[in-house]
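One chain is shown next in structure tokens, namely the form predicted on its own.
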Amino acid sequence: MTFISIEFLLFFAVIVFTYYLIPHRWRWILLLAASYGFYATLSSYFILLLLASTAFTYFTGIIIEKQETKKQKKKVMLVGICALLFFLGWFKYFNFANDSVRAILTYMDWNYALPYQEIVLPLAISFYTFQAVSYLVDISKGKQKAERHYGYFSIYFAFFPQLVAGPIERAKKLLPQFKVEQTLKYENLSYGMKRIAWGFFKKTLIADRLAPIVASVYDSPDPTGSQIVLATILFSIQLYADFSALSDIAIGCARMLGIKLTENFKQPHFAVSIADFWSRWHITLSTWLRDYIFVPLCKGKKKRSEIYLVIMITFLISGIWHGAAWSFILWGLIHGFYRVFGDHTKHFRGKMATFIQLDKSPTLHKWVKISITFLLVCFSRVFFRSDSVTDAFENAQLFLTLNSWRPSGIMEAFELFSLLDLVVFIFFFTVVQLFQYIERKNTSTWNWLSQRSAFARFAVYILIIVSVLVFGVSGQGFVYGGF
């Protein structure tokens, strides 16, 4: 049962109806059963691991809190985190490390006998492990009380709307909301349904329509440079539509239950710098890395070179978190380099903008920065999308070749689309851009829409629903669901 399915919508409708029907004191049981039931339909084989990780983190949190000194708390916290990371490392990184060691020793003509292991990656392990780590760290620092109610804590660990791919929540924000008695409110139901519908819209009309076109190029043994350029730009659009759709559905489902999740996207492809991009893309992961990796490692460091090293380490971890492959590590390091280079050249770039008088036209200057940032992000995604390091370097070379950017070549690459797919994509991509344009001019498109006439509002709602039903395609799964 995936988010994009009739089964999920029926399942969720039953949960919402029952949730508001039963007394508050029983709702945690319903949410827990729904969460484990939802996870079991996706990954029943690993539900015991989810249960074990929950119990381990629960008791470790209590033990940390009972320690008398900061030093003792820190020791227990580190033991707990090491255990959690051991499971993450075993399931997600063992074969990656094993293959890397084998390749190095084989190159050195040494014998290496440890074979490849058939290890299946448990669904959502990266997400709930990060939530567990933040929980233990916050308790050891006194920012969070250890939760004594095992049921509420288990929901924090496995809350089904955000279990599969986030947003990565903090216990301090999520746990209290489970304990507050939520009442049935029209605005929550209305907002939740609109966010879910919008998620379906982006997923089925943008992301899943682009997925086979992008795959046809990246799976091809000999793509042209222009095809790589077009497919990479389309992949950036696909990835955003896919992941933000997942967040929309998660936020919408939670809101219908009265729970407010953290926003995970803020139009990242309109960022004016790489730093700005990471404040808009996968926001809950970025802030997690900032609070639990970057800030602790930066403690006591004043030299710029030391801070730059910490930035590179933080993005290296971001790359490893995204996938057990050298192409993901390179993707993370590329973003680390972008951040360091951007900071080091900030003064120089400002002087250059003044020299060529670009800063006299703020709007033009802004769009130049948006365009450069988008292209830098696209280049990094060549590594994110390629199946191997060898493929990534070959595709990156094609992406950087000037001939690949010939307008005639790009136009020829559009032959990847069928006429129907191209028309459908252009129309619905324009709708999404119009939605985002309104959002940039207002704080919320949904609030803006609520001020329009009933006819205009329902015309938009009907357009969204009918478009999904008539033109929506699905079956590709969520890209971030694999992490």
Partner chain sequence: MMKNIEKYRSAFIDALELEEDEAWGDLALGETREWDSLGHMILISTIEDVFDVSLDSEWITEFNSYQSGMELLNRLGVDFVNE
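All values derive from a computational prediction rather than experimental measurement. Positions refer to the first chain, counted from 1.
The discussion below concerns the form predicted together with the partner chain, not included here.
Considering the partner chain in the predicted bound form, the lone stretch of 199-207, 102-110, 288-296, 233-241 in range is 288-296 [heavy atom distance within 4.5 Å]. A single residue from the set R195, R339, R255, H322 has any heavy atom within 4.5 angstroms of the partner chain in the predicted bound form; that residue is R339.
None of K366, R148, K303, K71 but one reaches within 4.5 angstroms of the partner chain in the predicted bound form through a heavy atom, and that residue is K303. Contact with the partner chain in the predicted bound form holds for none of H24, L42 and K179, as no heavy atom of theirs lies within 4.5 Å. In the predicted bound form, the partner chain sits within 4.5 Å of a heavy atom belonging to I307. Among heavy atoms of K172, some come within 4.5 Å of the partner chain in the predicted bound form.
Among heavy atoms of I311, some come within 4.5 Å of the partner chain in the predicted bound form. The partner chain is not drawn, but in the predicted bound form it has a heavy atom within 4.5 Å of H347.
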